[in-house]
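Next up: a single chain in structure tokens, the form predicted on its own.
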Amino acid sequence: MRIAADPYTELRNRLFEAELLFSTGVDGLYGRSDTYQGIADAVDHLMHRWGHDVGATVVHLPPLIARSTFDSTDYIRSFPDLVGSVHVFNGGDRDHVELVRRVSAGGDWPALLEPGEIVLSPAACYSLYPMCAGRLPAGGRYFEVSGYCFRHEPSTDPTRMQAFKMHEIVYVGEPDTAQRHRDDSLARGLSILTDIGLDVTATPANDPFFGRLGAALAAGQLDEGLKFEGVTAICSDDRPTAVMSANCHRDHFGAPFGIETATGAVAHSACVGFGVDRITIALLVRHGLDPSTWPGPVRARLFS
């Protein structure tokens, strides 16, 4: 009896065969063709227009975050299985000799490395919050943040990459405005994605918290309606893929990073985040692997 092929692996193979993505030998880590990158850049530009409309300060961030900042986000408590830490060599000559010996012998050379001052960034906006420390101007501030992120979840699903691009519109300031930003951004984000031909719906969601404590955190997040996702069918109607999320953080970042409103209260924050790679792949599945054949209105919205 023939076993049905995994549709996610089949999609990845199609993207490889079309040379839109290139294998690196590691699941979830891919090279990108010029065509693929052109679509991703066009998606980025849509979000840049939004940032311009709200007067956001544009911040392009590297895929690395200061370890001190990472520790203050409390990410390790909630998602230890997704973390990527950067380790470096701080030894002397003797340690170097042993390091080379272990590499040559196929031994445990990483054991000779030590944690560096940086961590792979799991979310584009995390490095932003220490930049906001102190008192904000009246009305708070909007930021447009983009960058590559890392989460250790290797998969043959090409939409579940270990290294992926995120583009976010973030508000930091008054609680009521943060809540309104989340709600308005969800509606606007869905509209933008619908305009480029994606069938996207909003659904309450929770983050993939780890372990038994995580189950309680996830339930609380759902009960309080803090996170919504925009999902679209890529390989499965029954298991649609999240391509955007709208999140209300409350004071989760304002408190640890010492961010205050103009009146001295602890600042709240909210963001809408777009998975640029997931949107790019969703467009390729929806409209075909050759963007030159896409519907005229979609091409006009993206590439003009």
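All residue numbers are counted from 1 along the displayed sequence. The shown structure was predicted, so the numbers you read here are calculated from the model rather than taken from an experiment.
Note that the form predicted in complex with adenosine monophosphate (AMP) isn't included here; everything after this is about it.
No member of the trio R250, P256 and S269 reaches adenosine monophosphate (AMP) in the predicted complex with any non-hydrogen atom inside 4.5 Å. Figure note: of the listed segments 38 to 46, 275 to 283, 51 to 59, 66 to 74, the one touching adenosine monophosphate (AMP) in the predicted complex, with heavy atoms no more than 4.5 Å away, is 275 to 283. A heavy atom within 4.5 Å of adenosine monophosphate (AMP) in the predicted complex is found for one listed residue only; from V172, I196, V119, M166, this is M166. The contact with adenosine monophosphate (AMP) in the predicted complex, taken as any heavy atom within 4.5 Å, belongs to D207 out of D95, D207, E224, D81.
Under a 4.5 angstroms non-hydrogen atom cutoff, adenosine monophosphate (AMP) in the predicted complex has T159 among its neighbouring residues.
For D183, no non-hydrogen atom is located within 4.5 Å of adenosine monophosphate (AMP) in the predicted complex, even though that partner is not displayed. Adenosine monophosphate (AMP) is not shown here, and in the predicted complex it never comes within 4.5 Å of any heavy atom of C235. For the chain shown alone, R151 is a contact residue for adenosine monophosphate (AMP) in the predicted complex, at least one non-hydrogen atom being within 4.5 angstroms.
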